[in-house]
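First, one chain by itself: the form predicted alone, in structure tokens.
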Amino acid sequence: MIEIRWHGRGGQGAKTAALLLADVAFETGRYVQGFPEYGPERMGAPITAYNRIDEDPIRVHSNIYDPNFVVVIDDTLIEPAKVAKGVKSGGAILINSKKSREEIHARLGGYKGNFFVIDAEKISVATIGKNFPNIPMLSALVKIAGIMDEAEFVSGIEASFHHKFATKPEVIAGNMAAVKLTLQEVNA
């Protein structure tokens, strides 16, 4: 089973990314969970979302305390959310930031495992025209974690976008460009 914990702020799309990942993984025949955890719903408030993905039925129904992967959509949450806490050996942390690897590593509280710094804002602005970092971070996660074949992911996420954005088809092309650019740029 792959367990993923997402950290972001309300309005940045952590919940949406977790639910999209669950949708795409489900369509490939896997068992999935995708769910958020937050307090008072307001823009900018810290939120956590979770995914479980497995080939077998998932019988656990709780938050994820020891994830394989952690995705941090807002680097201001690194210290307050203690994002490195519980990351399993062999796992990794993906952080959206313009800061250097050295700057980020210094903020991870002695974390010794793998971590990746992705400038999701840059990718998002280049492809969508606005700062929506969740889709680049989702794409980076799929590539780095090897959750599924890239072609399978691209096909599945496009189908999910057509469903999710049925009333706003103009946003599909930019989001698909963000997916493809991220998959090209991220080195797993």
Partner chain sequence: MIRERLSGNEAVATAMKQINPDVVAAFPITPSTEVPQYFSRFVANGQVDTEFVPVESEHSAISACVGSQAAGARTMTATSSCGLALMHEILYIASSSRLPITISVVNRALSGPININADHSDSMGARDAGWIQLYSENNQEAYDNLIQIVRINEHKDVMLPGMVCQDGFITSHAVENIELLEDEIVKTFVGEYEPEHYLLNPNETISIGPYDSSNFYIEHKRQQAEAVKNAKRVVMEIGKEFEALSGRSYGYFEEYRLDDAEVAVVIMGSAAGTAKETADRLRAQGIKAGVLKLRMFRPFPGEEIAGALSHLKAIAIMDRAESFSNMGGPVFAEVKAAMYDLETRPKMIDYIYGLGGRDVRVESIKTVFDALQEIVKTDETGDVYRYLDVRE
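Positions refer to the first chain, counted from 1. All values reported here derive from a predicted model rather than from experimental measurement.
Same protein, other form: the form predicted together with the partner chain, not shown, and the subject of what follows.
Original post:
Does residue 46 reach the partner chain in the predicted bound form if we count a contact as any heavy atom within 4.5 Å?
Top reply: No.
**OP:** Consider residue 30 of the chain shown here, and say whether it contacts the partner chain in the predicted bound form, taking contact as heavy atoms within 4.5 Å.
**Re:** Yes - in the predicted bound form, heavy atoms of residue 30 and the partner chain come within 4.5 Å of each other.
**OP:** Would you please decide whether residue 58 lies within 4.5 angstroms of the partner chain in the predicted bound form, comparing each non-hydrogen atom pair?
**Re:** Judged by the heavy-atom cut-off of 4.5 Å, residue 58 is in contact with the partner chain in the predicted bound form.
Original post:
Is the gap between residue 22 and the partner chain in the predicted bound form 4.5 Å or less for some heavy atom pair?
Top reply: Contact check for residue 22: yes, within 4.5 Å of the partner chain in the predicted bound form.
Subject >> Stretch from 134-142, 30-38, 147-155, 118-126 whose residues place a heavy atom within 4.5 Å of the partner chain in the predicted bound form >> reply: Flagged stretch: 30-38.
Subject >> Residues of stretch 61-81 in contact with the partner chain in the predicted bound form (4.5 Å, non-hydrogen atom) >> reply: 61, 62, 63, 65 sit within 4.5 Å of the partner.
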